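The chain below stands alone and is given in structure tokens; this is the form predicted alone.
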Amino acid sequence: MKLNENYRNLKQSYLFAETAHRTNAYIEAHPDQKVIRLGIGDVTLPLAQSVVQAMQEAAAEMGKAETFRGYGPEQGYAFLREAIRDYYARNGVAIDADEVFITDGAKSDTGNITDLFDQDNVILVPDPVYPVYVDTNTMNGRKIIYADANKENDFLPMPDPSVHADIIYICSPNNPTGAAYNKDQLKAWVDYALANEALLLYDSAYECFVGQEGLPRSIFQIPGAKKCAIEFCSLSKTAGFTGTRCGYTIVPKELVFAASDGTEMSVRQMWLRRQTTKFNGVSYIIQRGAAAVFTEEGMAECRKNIEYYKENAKIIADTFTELGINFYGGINSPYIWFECPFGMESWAFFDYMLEKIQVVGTPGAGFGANGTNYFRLTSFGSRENTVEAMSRFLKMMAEA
């Protein structure tokens, strides 16, 4: 028996596991201190009432013989796939319901999608980047190259024609930086993918936070994208499904690549085959709740929650503006990405802030080398905790 020794190339622990370990150790040593967590991107507001009601009604159906459901379709129930199709149509994007795959979240799918592709493919990710993109490909032993995201390009790297990649990960609005590509910038990436016969894996988990006019909320708003892109989205941020788990992946029918013998293979058909083999689908109860998200009432309730988080982001951003700290995000994203004060390295600043003011964030170094001197805060805390955390931050800077 041989192990997959690619696991030896992973960092010792997942980023958020390490921040949780350090935070819990501090709390254990200082039980009298109130620690405010603005690190991991978990939501705090409850599910919309229309969603809860839909789940309750679905649960009641499961208790009656005439409405009980067993195994559901691995691709997802038609009622939810059609609701997502209509949601895209309202945003000016035409997709077919059978191009929608219901899943337990974008995190899972951005990793699981790699099952479809050969180990020899070259993977391009921005630096800094959501760790799952890197870790899942490291587990498979793939070569990973990086596109520099930095202050010079506003953390929005563009394709380099002299560099070839087979699979490119893009997240916009971005986690961790909060930066968002415009249509012209995404068109450049689509053109690059088409020219290189490459695939774009587009993570749109934060599309619901886009507020600036003209910024795309889907890669499929870009001409040619259906021939070179897969889109992942999650209800974790759109509707607070972090604890109930539901997302969706769009795999266009036009997405085909040539096999080694020249035969065209449909990526959608490959993904369907993979899902029917390795995935039993999302529960009926959760899918009924998810469908309620896309109703007029559900969208209004979810939008109210998103505006609450965006106001939290503004409170954080206004604090950094007052202090003259350079930051990104906070407008089209729940994340605020800022330069660590005092020229500190991000893990050192994590410990400094935890010790001085008992506020937890996420060290930028955990997202890549370009995040070494940056830090991420989220707007998913309560209003009270967000205001208090910024008050503490102002006091910390005044006393430094």
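A quick note: this is a predicted structure, and the numbers were derived from the prediction, not measured. Just count from 1 along the sequence shown to find any residue number.
Not pictured, yet referred to below: the form predicted together with pyridoxal-5'-phosphate (PLP).
Among residues of the shown chain, V251 is not one whose heavy atoms approach pyridoxal-5'-phosphate (PLP) to within 4.5 Å in the predicted bound form. None of the heavy atoms of K314 is located within 4.5 Å of pyridoxal-5'-phosphate (PLP) in the predicted bound form. Shown alone here, S236 lies within 4.5 Å of pyridoxal-5'-phosphate (PLP) in the predicted bound form, counting heavy atoms only. A residue is said to contact a partner when one of its heavy atoms sits within 4.5 Å of a partner heavy atom; D203 meets this definition for pyridoxal-5'-phosphate (PLP) in the predicted bound form.
With the partner omitted here, the stretch from 82 to 90, 125 to 133, 160 to 168, 319 to 327 that lies within 4.5 Å of pyridoxal-5'-phosphate (PLP) by heavy atoms in the predicted bound form is 125 to 133. Shown without its partner, this chain lists G76, G298, G240, G105 as candidates; in the predicted bound form, only G105 has a non-hydrogen atom within 4.5 angstroms of pyridoxal-5'-phosphate (PLP).
Checked against pyridoxal-5'-phosphate (PLP) in the predicted bound form, the residues R274, R245, R303, K183 give one hit for a heavy atom within 4.5 Å, which is R245.
Of the residues in 369 to 400, none comes within 4.5 Å of pyridoxal-5'-phosphate (PLP) in the predicted bound form through any heavy atom.
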